[in-house]
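One chain is shown next in structure tokens, namely the form predicted alone.
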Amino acid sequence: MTPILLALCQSALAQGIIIDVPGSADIPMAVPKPQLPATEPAALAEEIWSVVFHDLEFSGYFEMQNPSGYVEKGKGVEPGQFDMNAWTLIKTTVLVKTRVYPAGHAACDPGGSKMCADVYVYYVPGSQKLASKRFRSTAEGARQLGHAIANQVLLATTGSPGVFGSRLAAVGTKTGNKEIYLMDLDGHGVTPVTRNGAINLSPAWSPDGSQIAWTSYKKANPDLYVKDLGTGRTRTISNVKGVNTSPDFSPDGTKLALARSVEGDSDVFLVDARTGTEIRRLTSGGGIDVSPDFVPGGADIVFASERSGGSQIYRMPVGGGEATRLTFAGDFNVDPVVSPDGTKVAYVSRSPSGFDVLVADLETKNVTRITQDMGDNEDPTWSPDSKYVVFSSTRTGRSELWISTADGRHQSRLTESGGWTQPAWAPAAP
């Protein structure tokens, strides 16, 4: 570890924080496989370990050390049960030790149905335990248990819980049609939202995560629908002749902004999220206006517009007023989405090599390029903590979902089956 990074770690340990910006440093981390009672099978423990390891690898904070290089093997997890020098020797900074008890084990849930996983997080240079916690779950919840452990590790080392275990909505083509699906952030747990055999696009979550809005061609016209994920009931929100697309819920969940074409070019409208009743037309004239996205607080929206010639990103008050242009570089900027903390906007910009994802700071106007010369990269969506962006990318030859830190330094693929586009990250649980 460099002297500067070591000083950072030492000064931050008082707050239990080693580093606070994903992608800004690669902290050497070791995650040995879980300890198990001697006679117990290891399949579930292996699954939990795999989830924890890959979540922490995705996080962008750590350099994951290869388990084949670990000197210590099979020792205990609690302080005093293992030799910290074995981890100092391979220059580990953060050590994550876990122990798994199968369902009904006497040390966990005697005669019951719950399994237990204990996690211990250590700062190796200082021989300090940063955190320890026990998690309980049924065997069916092993993957979610792994996500919970990874989130706990991030809480111990960064001061903020991780986003693992959260869900995405996305457009997938696994049936040959474009349908809306839900999936875990790591690409597992795929379940359908639509099964209508038509083209379905632009999923958007309600703020409480209970509903999905999207556009469907199931009645030939691109109409806008909302589905209650609990009851399965679907209602039509906007079906004017022409385009009804790119929905976004207001922060209080009572309204939807969308683009629809009434008099030729599409404009941005505000409608009641329950009934679809039009509340206000927000834009008019001046070329195509699409892709509205509420700024946190709900007073403003950002959107893409051709009013200046090529497509650019604008911001305007929902209650009425002039639109302010936010982007000036490039002649085609679309799909803006504001970070949940309200400080940044991610968008797509066309370049000579394809489409790329960029992030602009709304205060300083500084722009960070997330992708470049990596195929087409589109459809950005923010994590609830504003630290990550998920987007679709064709860099491997087919469209997959990728996750990147907000500075673009660390990127990982989330899906592997191809045909995935238009992700939408579920809001944080209440």
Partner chain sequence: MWLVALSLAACRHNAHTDPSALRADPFAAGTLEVPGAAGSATASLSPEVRAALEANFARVHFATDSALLDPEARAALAANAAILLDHRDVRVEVQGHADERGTVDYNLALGQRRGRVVIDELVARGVGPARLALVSYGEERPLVAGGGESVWAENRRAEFRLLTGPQGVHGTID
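This structure is a prediction, so every number in the text was calculated from the model and none was measured. Residue numbers count along the first chain shown, from 1.
Just so you know, the form predicted in complex with the partner chain exists too; it's not on screen, but the next bit is about it.
- Listed stretches are 286-294, 91-99, 230-238, 155-163; the contact stretch with the partner chain in the predicted bound form is 286-294, by a heavy atom cutoff of 4.5 Å.
- Among heavy atoms of residue 209, none comes within 4.5 Å of the partner chain in the predicted bound form.
- In the predicted bound form, at least one heavy atom of residue 306 sits within 4.5 Å of a heavy atom of the partner chain.
- The closest heavy atom approach of residue 222 to the partner chain in the predicted bound form falls within 4.5 Å.
- Not displayed here, the partner chain is approached by residue 335 to within 4.5 Å at the level of heavy atoms in the predicted bound form.
- Contact with the partner chain in the predicted bound form, judged by any heavy atom within 4.5 Å, is made by just one of 151, 137, 250, 261: 261.
- Checking 348, 345, 185, 115 for any heavy atom within 4.5 Å of the partner chain in the predicted bound form turns up a single hit: 348.
- Looking at the partner chain in the predicted bound form, residues 202, 217 and 266 each place a heavy atom within 4.5 Å of it.
- Heavy atoms closer than or equal to 4.5 Å to the partner chain in the predicted bound form belong, across 229-249, to the residues 241, 242, 243, 245, 246, ordered by sequence position.
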